[in-house]
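The same protein chain appears twice below, in two forms, each given on its own as structure tokens and labelled structure 1 and structure 2.
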Structure 1
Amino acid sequence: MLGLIQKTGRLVFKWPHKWLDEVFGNSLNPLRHLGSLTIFFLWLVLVSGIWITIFFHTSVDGAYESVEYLSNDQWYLGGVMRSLHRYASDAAIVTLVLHLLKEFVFNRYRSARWFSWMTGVPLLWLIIPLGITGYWLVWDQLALYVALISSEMLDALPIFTDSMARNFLSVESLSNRFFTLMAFTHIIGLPIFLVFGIWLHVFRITRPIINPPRTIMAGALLSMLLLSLVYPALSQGKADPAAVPESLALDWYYLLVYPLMKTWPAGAVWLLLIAISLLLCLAPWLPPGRKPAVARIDLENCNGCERCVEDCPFGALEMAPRSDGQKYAAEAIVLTNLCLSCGICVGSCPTATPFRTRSVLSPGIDLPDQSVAMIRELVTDAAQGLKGKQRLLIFGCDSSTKLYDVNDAATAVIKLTCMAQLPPSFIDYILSRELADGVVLAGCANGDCQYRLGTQWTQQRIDRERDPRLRKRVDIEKLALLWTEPWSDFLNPGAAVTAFRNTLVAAKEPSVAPKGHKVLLRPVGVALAWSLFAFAAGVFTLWPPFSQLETGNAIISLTFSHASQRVKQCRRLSQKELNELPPNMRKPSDCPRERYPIKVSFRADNVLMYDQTLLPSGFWKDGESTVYNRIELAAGSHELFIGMSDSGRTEGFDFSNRTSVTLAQGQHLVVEFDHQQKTFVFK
């Protein structure tokens, strides 16, 4: 089942990958830089957020007014910065989710990669609260909705004794300190944890790519600026607790689960979020995978050159003092819990050469499951079976394009774990021994290697820029790399192989490789691609609109906290009883702490809308009972009744109130208990 899901996901990614490769070139394809693009968008959020903070007022009235000043009076810079802040935040969610999905469908989250996966999942749960607190600070109608629903979700947790949501039902219940707290949380508190989380996410990765190429950064920035100018982010009216707007332009990237609170209990929403989180966290072990044999060190052939340590993309190798008494100062050690058995270290070992015939071919480091000796044997056997002219040996990695359909009498395919597993000396060996007329290396596209750096290291070795280098005597014209950009113009690998074979006719015929006839169309494709991305980042911040209540309805909120009467009355202690108590516990009266539950009943037009018995808070059941409930009613005239008993009586009410009200569409009526007047109030 898992394999089918991943295969389907790879097919979904295939066509955007292919189209963007043709437009950008595979080294600049944004889909190959999703992780670093997410970090870049967070940089945009930081820079634009600093500008907004300069003008932001942390007060109930000043918050909305200061944001409106930026959007209207300073639209040419402040408004653009506000819009850039919002859309870059949404773009970060888009690239983050795509990055997570891509790592999953391409199976880059299991085995030793579990650490990066496990530290990446919390980043999603850090970025989302970061965006949610940002919406609170605007303090428009959307911010009020976000604050109210967020508080209702927090109230469902068995942490708070009073209802947080009650603080957002009236203007009087809010203070300026709330906005100071939210500003600190949004600007300082959560970003600190986010930066630490990003560092931890790449902690065990060698040479992590933090920033995408400059060309991609420029395109991403321009697309966000264009979106900010075309559809500037605007407030949705100053927050008014007394009114409920009929619809809101909800940011679905950050507030996707909020509409569920309209029909689901808060506990069910929490269960959904917890279940998703647990599933993501357990994914690297569901189902348990088979771990291939890790790289093995042969000290007799290891000279401590450190090339394998330098080339390992996952920090799975380190140097240690020599343990076998040889003259070399150090030896390589494999950290088995980090090794992915990719073989990149084998391709970097200078002793992994097929020319060794006087001794057993056992390099300083090797893979037990596919040793260098096994690869040489595969090459020899495959070469013996080749017939005809322009014989080709093709090396393909596990994740490269399928090449088995190009097998013929003059072509043989050898499969490797990673292309960087093949030492460059094998190319020299094949061509100098005339085992084939040409060699093709078919690895992952640039920037999208299954093992991060395999393609890059192979390219540098072939270009004689990195040890071990391809020897100068090797005719580079007899070597083709199927991950380089000119090959992307071919419809399939078979066509690319045929074109390369034609170039081996001893220069009798010109190469038939296409000449970049699509170059002129690339700027149009690049502009279209970034425009589509900007559209995707912005459309779900405005559409579809979300309706808080049905047309023609109003909302009534029952909200108050009340301490009921004690179950037992206080009893005055006798002198004898006082003498029997320790001196520090001698109180004149014994007052049991436990209180009665309160019973609350609410009717509209003699229809029972709410009827609950609420327990006192606290371990000793001696605290206040809290009522918080929102009821939707049709607009118009209604007879309302609310009653409460706090003395344990089974019939009747200790406090009650009945009134006639006329509700307007979208009105928000709050029902509270006035503890001084000992009565219910409707306001």
Structure 2
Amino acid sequence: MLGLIQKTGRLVFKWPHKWLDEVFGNSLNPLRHLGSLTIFFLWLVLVSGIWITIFFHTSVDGAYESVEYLSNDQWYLGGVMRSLHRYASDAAIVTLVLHLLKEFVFNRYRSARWFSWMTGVPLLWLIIPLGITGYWLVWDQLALYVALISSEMLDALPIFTDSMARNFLSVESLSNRFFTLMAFTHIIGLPIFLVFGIWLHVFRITRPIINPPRTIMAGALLSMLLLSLVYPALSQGKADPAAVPESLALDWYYLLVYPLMKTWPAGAVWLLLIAISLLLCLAPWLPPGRKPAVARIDLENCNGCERCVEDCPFGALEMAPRSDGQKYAAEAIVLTNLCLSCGICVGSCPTATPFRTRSVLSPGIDLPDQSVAMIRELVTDAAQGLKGKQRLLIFGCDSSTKLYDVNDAATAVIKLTCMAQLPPSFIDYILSRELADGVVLAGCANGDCQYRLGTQWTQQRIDRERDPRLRKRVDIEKLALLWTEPWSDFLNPGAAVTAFRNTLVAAKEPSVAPKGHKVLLRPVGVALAWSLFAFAAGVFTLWPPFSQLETGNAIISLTFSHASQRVKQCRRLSQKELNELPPNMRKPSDCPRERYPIKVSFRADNVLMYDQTLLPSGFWKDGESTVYNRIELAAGSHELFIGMSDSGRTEGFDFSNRTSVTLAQGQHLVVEFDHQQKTFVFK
């Protein structure tokens, strides 16, 4: 089931991936740099954000105008910065989601990778509120909607006693202090946590790719600038609590769940979010897999040279003080819970060479399930079966080309976990002993290595740029490196192998230069790809529009708090009762603090629209009861009635009021309780 989902996912990734490989070239394909591309977009957000902050007024009255100033009077700079700020945030969500999906469909999140995956999930919980608070600060119609719904959601949490949502229904009650708090959260609070979170997410793996290649950065920046100039980010009219716009342009990347609040109770929305997060957190163990045996150190053959530590892509190796009394200072140790059993460390260990035929072939570090000695045996066995003049020995990793069907008398395939598991001396061994006429290493394309750095390390070892180096005497012409895409399990690799076999005869490099017309088309493809990306990062900021209200409706908000009467009257204590109390507790009267619940009914044209009993807040049930409800009503004339009882009576009301109103479309009528006059008012 899981396998099927992942396979389908790979199929979906395949076509854009292939196309972009052709346009950008393998290693500059943005789809291979999604994590670092996300970081780059966050840099853009940071830089443009600093510019906006300089001009921003942190007050209810000033915020909107200060942002308008940027967009109108300073459109060429401030306006562009503002648009960049918005669109780069949206682009970050696009790349982030693709990053998550890609790790998922290529199965790079299970086993020891759980840490990277798990630390990714909180990043979602930081970046989404970051966007939401950003939209809040503009203080336009969208901001009002965001503020209202966010507050409704927060009110559903048992943290705040008073209703926050009530704040946003009238501008007078919205304090500058609260607005400042929002600005602080957006500009300083959340970003600090996000930076720390990203650091936690990547610090543990070896050499994380933090910056994408320059050309990708340039493309990303230009596409965002283009989008900013063509569709500058604009506000949607100053926030006006007295009106509800019929239709809003929602940024769906950040506000996807908000429209749910129209029909779902806040509790259900929270449950959905928590369920998704839990599912994501638990994904690495769903279903629990069997962990292959991890790398093991053989101290007899380890002198503490640290090469394995340098090459492990997952930070699963460490140096420790020598424990066996040999004359060395240090030894390598495996952190078993981080080890993915990729074998890359084995390929780096200097004592892992098949030429060791006198001593037991046991390197300093080895994989118990597929040791170097076992690989050598596989090689010898396979070689014995090979016939013909161009005998090929192919090493294939299970994550790239599935070479099952390459099956003829002159070809043998040996499966490894990762190409970098093979010490380069094996190639020398095979060719010098004429066990085969050619060797093929078939692994994952660079940037998409299932074990992150395996391809890179192998290529560098072959190129004599990394230890252990391939020895000079090896004839490179007899070696082919076949770095293929992770969806190659859909391809037939036979053709590539045949091509290499033919080059063995011709002893020439296979020509890989693209044909003429392709060279010309490349810039067009690059431009097209980035334009498409800009479109994808922009389109859902406006479309589809969201309507808060059915056309022709108005909104009525019931919003007030009220302290009801106490259940028991105060009573003077008698002298006898006083004497029984300890002296420090003596007081003249006993006042039980508990209050009655309040009962509120609202009718429109004699139809009951709202009828609730609300408990007093506080542990002792001695606080105010809070009413907050939004009711949609068709525009036109209505008879409205509101009643409330606060004395525990079951019949009738202690306070009530009625009125006739004519509601305009999109009008927002607020029903409050005036505590001085002790009466309801319609505003």
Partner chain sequence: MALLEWKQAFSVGNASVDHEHKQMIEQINQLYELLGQPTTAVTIEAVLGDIHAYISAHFALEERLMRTAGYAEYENHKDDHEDLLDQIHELMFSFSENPDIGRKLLENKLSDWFGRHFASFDARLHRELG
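Just so it is clear, the model here is predicted, and its values are computed rather than measured. Between two forms, the rigid core is defined as the largest C-alpha subset superposing within 1.5 Å. Residue numbering: structure 1 sequence, from 1.
Of the two forms shown, structure 1 is the one predicted alone, while structure 2 is not. When the rigid core is held fixed, the Cα atom of Gln384 travels 2 angstroms or more between structures 1 and 2. Residue displacement note: Asp324 has its CA displaced by at least 2 Å between structures 1 and 2 (rigid core superposed).
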